[in-house]
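One chain comes next, on its own, written out as structure tokens in the form predicted alone.
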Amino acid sequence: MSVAEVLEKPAAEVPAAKPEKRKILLSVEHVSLSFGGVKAIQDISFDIEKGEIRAIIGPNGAGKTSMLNVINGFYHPQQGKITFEGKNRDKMRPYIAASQGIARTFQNVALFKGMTTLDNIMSGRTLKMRSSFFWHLFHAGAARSEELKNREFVEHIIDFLEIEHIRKTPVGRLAYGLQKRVELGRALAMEPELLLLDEPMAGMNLEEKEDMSRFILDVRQEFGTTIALIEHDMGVVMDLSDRVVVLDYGKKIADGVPEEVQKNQDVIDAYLGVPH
């Protein structure tokens, strides 16, 4: 289905209203980011509620990935602030963001291609390991018990993502759709409060998209994870998201539930290429 068809189709039935009290997990307040004379993000504000699926969409070059990079600490904005779980995250680094509950997948799969599915997902448990390097080196003492617990959790993720048959396969030999699933598994192994998904459906066929959509919904149900996703497939966005924020040329042009956003004339113009 084309973008135009999705934007013009009748809105789906509006779900039951949420409770009035909102619990904000992450807040983006007046954030601006520039690279030299290029303004990637311009005075963007929005929030992500705990437990929701929040989509960040827009045409190519709109600033979506830059926004995710700001949230997980890879970029530091020149203006504005990010608040996560009520705490201001000033000059946050990616490894600190990960340790505090923000996990990330990437537009281009970033896995250890020579390692198996199991080992790649186990690498996501690194931040959960508390025993010293000495005990892990000899695989003894508390390190052995800790590894068994981490392995049990990873096996649960493997079962959840239905990838038992490739658990011992080097990921470099897997089809692209399965690699995407392994990357999702590695992010889930970190037990994140907030999961950032950068184009999780990119390069997938229809069947693979349907599977990934199901897993994203199940992740929220099974693990209670809050999800922010960038996605170009408008049908997927409208079906999965609780709320959508739309960027264009680094500016926010719309923010609301899918039924509102798909009727917004600025959004329609942006996707149909109306000159600015």
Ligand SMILES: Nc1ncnc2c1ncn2[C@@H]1O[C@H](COP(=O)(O)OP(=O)(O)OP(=O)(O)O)[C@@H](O)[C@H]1O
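A residue's number is simply how far along the shown sequence it sits, counting from 1. Being a predicted model, the structure only gives us computed values, none of them experimental.
The form predicted together with the ligand is left out here; the points below concern that form.
- Query: With the partner removed from view, which of 207-215, 220-228, 65-73, 45-53 is the stretch that lies within 4.5 Å of the ligand in the predicted bound form, judged by heavy atom distances?
  - Reply: Looking at the other structure, the answer is 65-73.
- Does the ligand come within 4.5 Å of any heavy atom of G235 in the predicted bound form? Answer no; every heavy atom of G235 is more than 4.5 Å from the ligand in the predicted bound form.
- Query: Might A40 be said to contact the ligand in the predicted bound form, defining contact as any heavy atom within 4.5 Å?
  - Reply: Looking in the predicted bound form, residue contacts with the ligand include A40, since a heavy atom lies within 4.5 Å.
- Message: With a cut-off of 4.5 Å between heavy atoms, is N150 one of the residues that contacts the ligand in the predicted bound form?
- Response: So N150 does not count as contacting the ligand.
- Query: Does at least one non-hydrogen atom of E199 fall within 4.5 angstroms of the ligand in the predicted bound form?
  - Reply: E199: yes, in contact with the ligand in the predicted bound form.
- Task: Could you check which residue among T83, T116, Q107, Q100 gets a heavy atom within 4.5 Å of the ligand in the predicted bound form?
- Result: Among T83, T116, Q107, Q100, a heavy atom within 4.5 Å of the ligand in the predicted bound form occurs only for Q107.
- Residue by residue through 29-62, tell me which have a non-hydrogen atom within 4.5 angstroms of the ligand in the predicted bound form. Going through 29-62 in order - heavy atoms within 4.5 Å of the ligand in the predicted bound form - the hits are F35, V38, A40, P59, N60, G61, A62.
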